[in-house]
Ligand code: 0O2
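Given next, in structure tokens, is a single chain: the form predicted alone.
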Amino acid sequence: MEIQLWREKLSPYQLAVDELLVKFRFLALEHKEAGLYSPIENVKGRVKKISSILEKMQKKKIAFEDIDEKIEDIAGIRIICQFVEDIEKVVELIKSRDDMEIKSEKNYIDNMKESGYRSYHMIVYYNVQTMTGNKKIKVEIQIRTMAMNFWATIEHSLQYKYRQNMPDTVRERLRSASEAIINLDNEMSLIRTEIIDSQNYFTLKANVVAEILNTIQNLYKIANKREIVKIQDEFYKIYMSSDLEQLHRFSKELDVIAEGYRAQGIE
């Protein structure tokens, strides 16, 4: 089969993956910029390799012209969360969007596979605009915690190595590791509030510090240099104290100073 045919076939799938990566990453960024906890920690995407598609075609006796209909994971998005509770939130966010249509769902969190595999799978329809017009693409979205992803990555590598002939000893160890992953996720859920509060604190602090430094940089163009040095010294002193309330207060006072200089410039 000519490679050009594969390029034409897979090009819309790559477009779908690229667009969805941008959208999910922006969704995570929106949460953080609004001072909210993001249930999305990381997002990855891929288009299935031609060799893997050929293997599935051979295994399931699928013709090339039928792969759009009969293979649902050519385009794949993987959303990584910190906590098990975040998975349900991500599922809700996807269902609330009007640029994706849910085809099917498989909950391997509550219904773990015999191997120990846990993840939440969704098949969605996503429209892309190509040179020849609109094309509806099926995309598999996998949602899992960082711990689940670590286990699944190792399990996938071993499955590839042994080609369905994994030794029982390795299989048992994987199953045991899966139980350890469940315990880890459960333990992390118990301190979820404390972890989120800590992360939000550092995010808020970073945002305030960025605003202060930006204002100081702008003041360099219009303010007295001696006053700038004094402002910087005061900022560093407050910054070293790690007092978020004082940083907020200093930022507001700095805004008043900057506004005063701008007003003088207008006059």
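One-based numbering along the sequence shown. Note that this is a predicted model, so its numbers are computed, not measured.
As for the form predicted in complex with the ligand, it is not shown, yet the points below apply to it.
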> If we take heavy atoms and a 4.5 Å cut-off, which stretch out of 45 to 53, 221 to 229, 235 to 243, 29 to 37 is in contact with the ligand in the predicted bound form?
Replying inline: 45 to 53
> Pick from H121, K135, R192, K89: which residue has any heavy atom within 4.5 angstroms of the ligand in the predicted bound form?
Replying inline: H121
>> Just to be sure I understand the contacts: of K103, K113, R175, K95, which is the one whose heavy atoms reach within 4.5 angstroms of the ligand in the predicted bound form?
In response: K113
> Could you tell me if D73 has a non-hydrogen atom within 4.5 Å of the ligand in the predicted bound form?
Replying inline: yes
> Is K60 close to the ligand in the predicted bound form, meaning a heavy atom pair under 4.5 Å apart or at it?
Replying inline: yes
> Are any of the heavy atoms in I109 no more than 4.5 Å from a heavy atom of the ligand in the predicted bound form?
Replying inline: no
> Can you check whether R163 is within 4.5 Å of the ligand in the predicted bound form, heavy atom basis?
Replying inline: no
> What residues of 132 to 169, in sequence order, lie within 4.5 Å of the ligand in the predicted bound form by heavy atom?
Replying inline: E140, Q142, W151, A152, E155, H156, Q159
